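Next up is one chain by itself, shown in structure tokens, the form predicted alone.
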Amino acid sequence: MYDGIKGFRDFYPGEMAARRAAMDTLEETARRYGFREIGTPALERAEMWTDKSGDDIVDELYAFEDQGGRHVTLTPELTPTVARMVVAKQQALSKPIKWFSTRPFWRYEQVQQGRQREFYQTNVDIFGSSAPEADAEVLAWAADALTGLGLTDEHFEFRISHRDILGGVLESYDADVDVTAAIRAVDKSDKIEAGEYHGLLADAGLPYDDAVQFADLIASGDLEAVVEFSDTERVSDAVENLQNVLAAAADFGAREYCTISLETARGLDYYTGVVFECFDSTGSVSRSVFGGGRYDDLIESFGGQPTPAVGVAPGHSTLPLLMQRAGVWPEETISTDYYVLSVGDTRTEATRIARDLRANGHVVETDVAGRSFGAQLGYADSINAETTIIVGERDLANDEITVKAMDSGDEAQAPVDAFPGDLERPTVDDFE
């Protein structure tokens, strides 16, 4: 007997049906916004991550040397991959480029609730527009996707910020501040005690009293106070951009879900502008459900022409936690429209009926194990068949079949040659 590997999950049909329903909603919403689906590889050169984040990041990757001597890794996220793809065909692609995909990723990290070593995300990105409307459209897509899943503003909120606000305020201090390290400390602020948070800011170069002052200023979310304190063009421009994005989000129908939260920083270094994270409004799901933001410099850093970009990536590990808490997670059951039950030497007619029903778009099963009448009927019940079509030798002798409603047990006879005929979804009621 073999055990599964820690951090890698099995999904049986019932749970997978619920997950597929959620994925389909996110993807169909993306299609309505004009995002086009792409496919991306599971394996990439590890240098795509080590060149940006250092060799230490290898400890968080499923990285190895392949048989060709290349240092490769299972992809831990999508953004570098789509950046590479944009660079490869940048001149031929119409702008803005709007792409989406749903696929698995892999990170070697501590397994906990909502965090596995193999996980699925739906990624949605826009390349080629720096306008606030692009950020707003990504927010609007996320809001529409979540409400399409049955969630409301009582269930989730988008906490939105701007990386240049944080960076600009930090640079306004008369100290040699490691801005990247300080922003990483801000990103951890809701997960650690205040003293530890202030200590991390101090480690990044802020004098301790300034660290406390900075933390309080950022926590206030007061944009006017931030502009007045920093008195720099960088912060003023960032605040104006954030306000423009929020104004556009109002027109796009997403502003009601947005809360200004300057402590929202996003941990990845490639973010450059507006960033946001989705949280459970009640706090029952303690970690962020997903996040996104603007990364205007990444394409150029991959060797392409300067290309602004913004994206978001809902994860299919934490999103189910929010949906379950809100009571909108799809029922984890499988369903079947028809089971065609064959009794005796009736395979030819039974399979013809099954084919015709499938041609009408229905989910249809039939016996493939040579089971008895009772065993087949029990199986039809176990797969939640709505209707069972009984094809028996006695009925066929009278040119008939039996149509049985599984919930009520009602039955009716139907002419075999005319079944299903012109009926798109025949039921007992059509023949009583």
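Heads up: residue numbers just count along the shown sequence, starting at 1. As the structure is a prediction and not an experimental result, all values here were calculated from the model.
Absent from the display: the form predicted in complex with another copy of the chain. The rest refers to it.
Asker: Is there any non-hydrogen atom of residue 306 lying within 4.5 Å of another copy of the chain in the predicted bound form?
Answerer: Taking the distances in the predicted bound form, the answer for residue 306 is no, it never comes within 4.5 Å of another copy of the chain.
Asker: Verify the contact flag for residue 383: yes if a non-hydrogen atom of it lies within 4.5 Å of a non-hydrogen atom of another copy of the chain in the predicted bound form, no if not.
Answerer: Judged by the heavy-atom cut-off of 4.5 Å, residue 383 is in contact with another copy of the chain in the predicted bound form.
Asker: Can you work out whether residue 96 and another copy of the chain are in contact in the predicted bound form, taking contact to mean some heavy atom pair no more than 4.5 Å apart?
Answerer: So residue 96 counts as contacting another copy of the chain.
Asker: Is there a heavy atom of residue 387 lying 4.5 Å or less from a heavy atom of another copy of the chain in the predicted bound form?
Answerer: No - in the predicted bound form, heavy atoms of residue 387 and another copy of the chain never come within 4.5 Å of each other.
Asker: Among 354-362, 227-235, 185-193, 316-324, which stretch has residues whose heavy atoms lie within 4.5 Å of another copy of the chain in the predicted bound form?
Answerer: Selected range: 354-362.
Asker: Does another copy of the chain come within 4.5 Å of a heavy atom in each of 31, 34 and 42 in the predicted bound form?
Answerer: Contact check passed for all of 31, 34 and 42.
Asker: Counting non-hydrogen atoms within 4.5 angstroms of another copy of the chain in the predicted bound form, say which of 74, 215, 78, 258 makes the cut.
Answerer: The residue in contact is 74.
Asker: What is the one choice in 396, 377, 61, 406 with a heavy atom within 4.5 Å of another copy of the chain in the predicted bound form?
Answerer: Contact residue from the list: 61.
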